[in-house]
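Before any questions on binding or motion, here is one chain by itself as structure tokens, the form predicted on its own.
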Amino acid sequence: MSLWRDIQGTLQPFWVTLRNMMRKPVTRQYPEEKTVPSFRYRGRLVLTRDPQGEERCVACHMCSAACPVDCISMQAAEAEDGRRYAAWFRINFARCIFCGLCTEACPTLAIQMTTDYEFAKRDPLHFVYEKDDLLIHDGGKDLHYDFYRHAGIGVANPRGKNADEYGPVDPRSLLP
């Protein structure tokens, strides 16, 4: 029995080697052959715009509060029409762990993740992206969402005048 086990133990690795020599190689020649990640891949973060072309970010600080590594920072400001925006917005990708918690916390869908995974730099300071580096010209994954149209806070339309919103209700009219 011991001789049979020895022969089997000697031949089995050769069989595994011969079997894998006949297979098609699975190695990709990166960067010539780029991998296409799935739609849900969590890559580089971007800031998106609403359908009117305005910035979606209202500088509510929800993304920076949700970030476990504190890589997001911003300064809130308010325009003359009452619309809030980020005066400056900064993400340090050298610290980002691409967890996606910031995108889940964003109420306006302003911050979204892309499938971009190729951004390598030698200097860590070049991983600090400012608002101009992050802002794209469309709505990202949801092109038609407009926070101010749905929130009804009096910037896009007067209060109670949005299409899916009722006007103010007198509470005394609800009494029996």
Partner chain sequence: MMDMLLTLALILVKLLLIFGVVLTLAAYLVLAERKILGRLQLRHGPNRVGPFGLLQPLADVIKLLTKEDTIPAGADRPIFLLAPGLTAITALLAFAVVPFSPPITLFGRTVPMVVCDLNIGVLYFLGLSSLAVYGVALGGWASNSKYALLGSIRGLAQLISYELSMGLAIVPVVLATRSFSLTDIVMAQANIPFALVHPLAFLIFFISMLAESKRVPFDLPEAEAELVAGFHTEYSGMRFGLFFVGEYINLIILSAMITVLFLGGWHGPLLPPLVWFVGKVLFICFIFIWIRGSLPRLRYDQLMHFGWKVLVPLALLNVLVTGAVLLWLGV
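Remember, it's a predicted structure, so these values are computed and weren't measured experimentally. Positions refer to the first chain, counted from 1.
Omitted from view is the form predicted in complex with its partner chain, to which the following refers.
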Query raised in the report: Out of 50-58, 106-114, 138-146, 27-35, where are the residues with a heavy atom within 4.5 Å of its partner chain in the model of the complex?
Result: 27-35
Query raised in the report: Among T10, P13 and M21, does every residue place a heavy atom within 4.5 Å of its partner chain in the model of the complex?
Result: yes
Query raised in the report: Across 49-67, which residues bring a heavy atom to within 4.5 Å of its partner chain in the model of the complex?
Result: none
